[in-house]
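Single chain ahead, written as structure tokens, the form predicted alone.
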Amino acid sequence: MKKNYLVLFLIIGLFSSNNIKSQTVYKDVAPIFYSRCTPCHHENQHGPPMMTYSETVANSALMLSDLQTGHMPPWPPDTLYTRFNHEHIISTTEKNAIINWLNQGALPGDTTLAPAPPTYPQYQLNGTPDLILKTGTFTSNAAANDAYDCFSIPTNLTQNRILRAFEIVPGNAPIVHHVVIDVDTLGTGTSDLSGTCYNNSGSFTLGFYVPGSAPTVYPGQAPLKAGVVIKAGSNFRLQIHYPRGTAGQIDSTQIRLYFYPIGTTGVRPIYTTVPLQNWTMNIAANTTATYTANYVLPATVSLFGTGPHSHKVCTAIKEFAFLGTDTIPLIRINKWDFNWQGFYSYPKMLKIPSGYKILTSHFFDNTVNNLNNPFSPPQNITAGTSTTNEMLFDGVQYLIYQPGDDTINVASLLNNDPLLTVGVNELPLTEVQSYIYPNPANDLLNIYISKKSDYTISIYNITGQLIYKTLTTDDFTTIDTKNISEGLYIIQITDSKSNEKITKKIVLSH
């Protein structure tokens, strides 16, 4: 009988041990929230903050649904079709780790063991801007309906300048849903603060802001110096979307502009145009429809980025360039969402030869199945500038092609740009944010480092024997540790540029 009890206790102990070993607590997933969620979900941003355990767990029910449906993180472009800079995506491993944590009850564990949350500066770009344009103090007029207000702000430029970078900084981020930035080169536009400013009256659209957006920076060092010419006397026009229910709240949004020094040579102009438009759309109630637009390139170009645009009846967009059977993918959005539009730049510019045709195809669902439909029951929808109309209005940014353009690593230039690093490159490696998790690790070990660089990741056993080594240029790396025996190890991360090192202990427990 005693033997049976002993066996029973051993079995119970074994199951309990395995349960404890596989149990996920907050410290295991906190680094994922820090790297993938908090850029939007922090204090004074649009989304509810998720900087601490209590703030994060308060959103657990919605979080589970958003992760399973792909609603969060919000990144509309299909990464299987084309890749872009500054992607707001989450890996399958990271997603499963959070879902596992949520399904186990979102356990806190010892929250003091979680790494310190990141800090977010007011301004993302380094240095002093050459020009700051402000909307002035404005009281939101979005009561029962969303408001779209347009602020026309003179630059007072007396000569043409080449724009190197810009960032939008909301004065009251939680109520600024998005901003469309146009440049009125004639300088004749006026503000429309009626709340119903829907039309695009700028000479060209420069870009968009949505919560969590990275600043727009054009490469400014060899092998590519590029920028957008802003003509003397231009106005900047900011169309700001304030969500309904925010009436009475105060905002003062600004755009911070960085120009190349006057007289800088060798800067290649980036051209912004909207060649893909369709104003003949007529989408009957309770029907679906596809409308297209195309443009034949008169010269060979290096495509820097693209910005498709539609309203709320649109549900999918696809752009590509082609000649005969040769096709160049540009962007595909399988679930278009008016609330998360943007302008997207490529890690490497795409060479589109002269004579190729750029084609865009927008799919519209004007039925009750479209939960974003502005009308219930559905009504006939025609082309127009109101959000209750529809638009097919796709812009592109490009340079005139030069040999070798399509081999330039734009992503690397931007990642190491002194304007974008917000002082990180001046910090010792040991002072930047680095997360190695989970620890103890089972079969996968995740590493996140906020400083952009080239790294060697080495794992040593406690006798100093090298067990694993890899090179990476990514800020996020996952290591498969299934074939490494359980035990205590030393992980060393070496910055190949500065030779600085991070050294930490890790435990592997399969």
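Note that the rigid core is defined as the largest set of C-alphas that superpose within 1.5 Å between two forms. Keep in mind it's a predicted model, so treat the numbers as computed, not measured. Residue numbers here begin at 1 and follow the sequence given.
If you look for the form predicted in complex with a small molecule, you will not find it shown, but the lines that follow are about it.
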{"property": "The small molecule contact at A441 in the predicted bound form, heavy atom, 4.5 Å", "result": "no"}
{"property": "Exercise: V29 in contact with the small molecule in the predicted bound form, heavy atom 4.5 Å", "result": "no"}
{"property": "is_contact(H71, the small molecule) in the predicted bound form, heavy atom dist at most 4.5 Å", "result": "yes"}
{"property": "Partner proximity in the predicted bound form: K451 to the small molecule, non-hydrogen atom cutoff 4.5 Å", "result": "no"}
{"property": "Contact residue in the predicted bound form, chosen from P215, P211, P374, G187 - any heavy atom within 4.5 Å of the small molecule", "result": "P211"}
{"property": "Partner-contacting position among H88, H178, K318, R161 - heavy atom within 4.5 Å of the small molecule in the predicted bound form", "result": "H88"}
{"property": "One stretch from 458-466, 441-449, 55-63, 471-479 that, in the predicted bound form, holds residues within 4.5 Å of the small molecule by heavy atom", "result": "55-63"}
{"property": "Large Cα shift (2 Å or above) at Y34 between the shown form and the other one, core-fitted", "result": "no"}
{"property": "Core fit, then Y53 C-alpha moves 2 Å or more between the shown form and the other one", "result": "no"}
